[in-house]
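Presented below, as structure tokens, is a lone chain in the form predicted alone.
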């Protein structure tokens, strides 16, 4: 056997890049807790729907699916801009990152406007939490999610202000944490929209 066949593969001398969890550990613990809360909400919705199929089917027909679909597009687009913001900051372009956050905030603002018009239409018809079980879940679930969108927008606004003043040593980690939270809000809506508006 030749010595060549026993030779070890050549190494480049460079260590592989260290893999790490994007953002802070605390935000991931918080996200997991929030996802658990929504999961409980979704299970309760599913159980109630199984007991009141006709009521839920009738209630779904009164919802504006186009508004729900538009809000889905707005949140997904907002998430895309947040991804771009993180990529720009990693590439050394804090100004570009701040600009993408503003676009994400605009998408979040659009989501809020659409939801306000949805609620206004329902309240004008005298619909409330006490109307029936379906509307109790519809209003409470979507409003609970709406509060998370608002919190996400506050986080993005604070990050935008930080980038505008000049990034510091923890800015990237903070942006990654904010991005993770925003993606969680987006993910929950992607489940909530078909569950409440579409699935029969």
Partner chain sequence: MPFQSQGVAKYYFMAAIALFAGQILFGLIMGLQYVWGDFLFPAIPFNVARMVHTNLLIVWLLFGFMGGAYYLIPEESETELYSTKLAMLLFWVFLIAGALTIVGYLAVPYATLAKYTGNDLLETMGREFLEQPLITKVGIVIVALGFLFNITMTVLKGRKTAISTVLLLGLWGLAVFFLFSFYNPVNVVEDKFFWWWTVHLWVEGVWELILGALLAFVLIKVTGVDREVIEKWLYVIITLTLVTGVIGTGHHYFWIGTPEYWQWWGSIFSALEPIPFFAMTVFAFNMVNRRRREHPNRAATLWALGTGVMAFLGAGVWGFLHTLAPVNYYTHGTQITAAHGHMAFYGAYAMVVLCMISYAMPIMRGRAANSNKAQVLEMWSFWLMTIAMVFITLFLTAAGILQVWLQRVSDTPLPFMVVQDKISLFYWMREWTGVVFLIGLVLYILSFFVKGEEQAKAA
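Residue numbers count along the first chain shown, from 1. In this text the structure is predicted, and so the values were computed from the model without any measurement.
Same protein, other form: the form predicted together with the partner chain, not shown, and the subject of what follows.
Interface residue remark: residue 140 is counted as part of the site for the partner chain in the model of the complex, having a heavy atom within 4.5 Å. Within 4.5 Å of some heavy atom of the partner chain in the model of the complex lies at least one heavy atom of residue 129. At the 4.5 Å threshold, heavy atoms of residue 136 reach the partner chain in the model of the complex.
Put simply, residue 48 is close to the partner chain in the model of the complex: some heavy atom of it is within 4.5 Å. Annotated contacts: 29, 36 and 40 all touch the partner chain in the model of the complex [non-hydrogen atom within 4.5 angstroms].
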